[in-house]
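A single chain, nothing else alongside it, follows as structure tokens in the form predicted alone.
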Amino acid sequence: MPVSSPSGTKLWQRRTTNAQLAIWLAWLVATTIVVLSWQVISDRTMWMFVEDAHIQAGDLMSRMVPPRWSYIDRLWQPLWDTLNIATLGTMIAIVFGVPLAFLAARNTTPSRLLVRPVALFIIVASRSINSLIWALLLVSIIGPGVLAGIFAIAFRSVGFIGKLLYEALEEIDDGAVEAIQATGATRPQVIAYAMVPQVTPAFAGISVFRWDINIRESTVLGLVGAGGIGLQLEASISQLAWREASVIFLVILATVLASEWLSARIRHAII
């Protein structure tokens, strides 16, 4: 924006004086918030423990090596349970998440005033609660075990799949929809032949991506009694069996890396 100098010569500046003052004011507010937040954190931190944290970490690491590899024979069944929790939980989430997405999308919902708000509320409620909290609730309701883990993963994933899929539905090309409608097709036929083919690649990518996330989340559900390899981890930590815990950490790391590689290959093949 051009501004005039006192001598009458126009000088070009990126921002006006008011805009520059507003930016400095925003930085001042942000800095104040950071300082106050750090003060609250500092007041609630026991610094005597932090001061020797590096010594404690080094001591803990020394107890974790070498890993007790003979313990790995007891991890195959919990690892299999973990994979089942992630896979079955994802499948249940797909069963409920797909129709929920069609009910939530503006261009497919049967009612924008009644049905869509309800569908959006379910999606938000599902996404607002972490799978670990779902697991805590379900363990209290149906007891500890793999079943609680499966439903915890499913309840958490429904909102994820529903949200991403309904957003994909709302972004489809309207030209294909209008072309199908011009042939006299019914509403279900329009959805089946004009909308579904357009979101199928996105749906496949979302499902595989969510399964990949669920593999990681299901490894810790056992910490609250929801089955899987987390149960073994919790038991090893409680008994201070750090060499066994290091084996579990390595198995979890290998599982996550394998699922990451597999999901990337599947997404690359589909999309």
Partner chain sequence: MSTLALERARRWRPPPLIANPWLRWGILVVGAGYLYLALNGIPINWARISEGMERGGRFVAAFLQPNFTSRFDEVFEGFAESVVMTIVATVLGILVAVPVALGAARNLAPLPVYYFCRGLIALSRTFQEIIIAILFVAMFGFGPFAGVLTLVFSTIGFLSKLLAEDIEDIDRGQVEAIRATGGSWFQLLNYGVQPQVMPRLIGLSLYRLDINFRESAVIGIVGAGGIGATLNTAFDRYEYDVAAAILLVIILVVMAAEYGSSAIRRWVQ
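Positions refer to the first chain, counted from 1. For the two forms, the rigid core is made up of the largest set of C-alpha atoms that agree within 1.5 Å on superposition. What you see is a predicted model, and the numbers here were worked out from it, not measured in a lab.
Just so you know, the form predicted in complex with the partner chain exists too; it's not on screen, but the next bit is about it.
- Of the candidate stretches 79-87, 183-191, 170-178, 102-110, only 79-87 has residues whose heavy atoms lie within 4.5 Å of the partner chain in the predicted complex.
- Only one of Ser37, Gln239, Ser70, Ser62 comes within 4.5 Å of the partner chain in the predicted complex through a heavy atom, and that residue is Ser37.
- Val256 belongs to the set of residues with a heavy atom inside 4.5 Å of the partner chain in the predicted complex.
- Residue contact check for Val247: none of its heavy atoms lie within 4.5 Å of the partner chain in the predicted complex.
- Contact between Arg216 and the partner chain in the predicted complex is found at the 4.5 Å heavy atom cutoff.
- The shortest heavy atom separation between Leu137 and the partner chain in the predicted complex is within 4.5 Å.
- With contact defined as any non-hydrogen atom lying within 4.5 angstroms of the partner chain in the predicted complex, the contacting residues in 116-135 are Phe121, Val124, Ala125, Arg127, Ser128, Ile129, Asn130, Leu132, Ile133, given in sequence order.
- Remark: with the core as the superposition reference, the CA shift of Ala254 between the shown form and the other one stays below 2 Å.
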